[in-house]
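Next up: just one chain, as structure tokens, the form predicted alone.
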């Protein structure tokens, strides 16, 4: 597992947006960021799930979060601009974005892949990340130390049979991260990286591997050290990297 022991006050005073925050890795990240002192903005398509995470954070005595119910599959540019205006009005800046929301799509040969599903996976996994980031970059420029984290996958580094649109979308995500990181490499205040979670016990993982025993793989809470590291000030200067959450944090994990 990535070797990083986060200070208790690592993210105190920071404002961080998390997509797919209603469950799985997004929920775990929201809780770990809030525990580290951040005000987290919970974005997801299911209000009930967001409310449950919101209540968990409040009941734990962490900074009061905010909620943005939004369906990334159907949201257009105007929705992202409206959200950016809301964040600007409430907070005046944004210190971090965790692009966590993704769709798996079909596990089938490309020859048989449903074009409608292909479009949907690309909208959520790629297009939404672009539109959301574009709308929020002006707010991130107001931060002294901003971090953007995209979620990648091992199949976004080397394609594997039957992973279809998901694999292709993760290759695109890696490319978007590298392009944006290079564009802001001299900004001094915005860094951009990817995290590959690896085998993690989530609903998406159980759908992809229905016969797998979830107790034999990492939990979403187990992989949080790298999420904290890349979102906090200790990673300042690290940009354009794709890092394995279940690596040990050695230089070989920074690819």
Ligand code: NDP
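Positions refer to the first chain, counted from 1. Because the structure is a prediction, the values reported are computed rather than measured.
The same protein has a further form, the form predicted in complex with the named molecule, not shown here; the description that follows concerns it.
Ok, 119, 82, 73, 182: which has a heavy atom sitting within 4.5 Å of the named molecule in the predicted complex?
After the contact test, the surviving option is 73.
Counting only non-hydrogen atoms, which stretch in 185 to 193, 198 to 206, 33 to 41, 54 to 62 is within 4.5 Å of the named molecule in the predicted complex?
Going through the listed ranges, the match is 198 to 206.
Indicate whether the named molecule has at least one heavy atom within 4.5 Å of a heavy atom of residue 25 in the predicted complex.
Yes, contact at 4.5 Å.
Does the 4.5 Å heavy atom contact test between residue 149 and the named molecule in the predicted complex come out positive?
No, residue 149 sits far enough from the named molecule in the predicted complex that none of its heavy atoms falls within 4.5 Å.
Residue-level contact is defined here as any heavy atom of the residue lying within 4.5 Å of the named molecule in the predicted complex; does residue 124 satisfy this criterion?
Yes, residue 124 sits close enough to the named molecule in the predicted complex that at least one of its heavy atoms falls within 4.5 Å.
Whether residue 101 contacts the named molecule in the predicted complex should be assessed with a 4.5 Å heavy atom distance threshold; does it?
Yes - in the predicted complex, heavy atoms of residue 101 and the named molecule come within 4.5 Å of each other.
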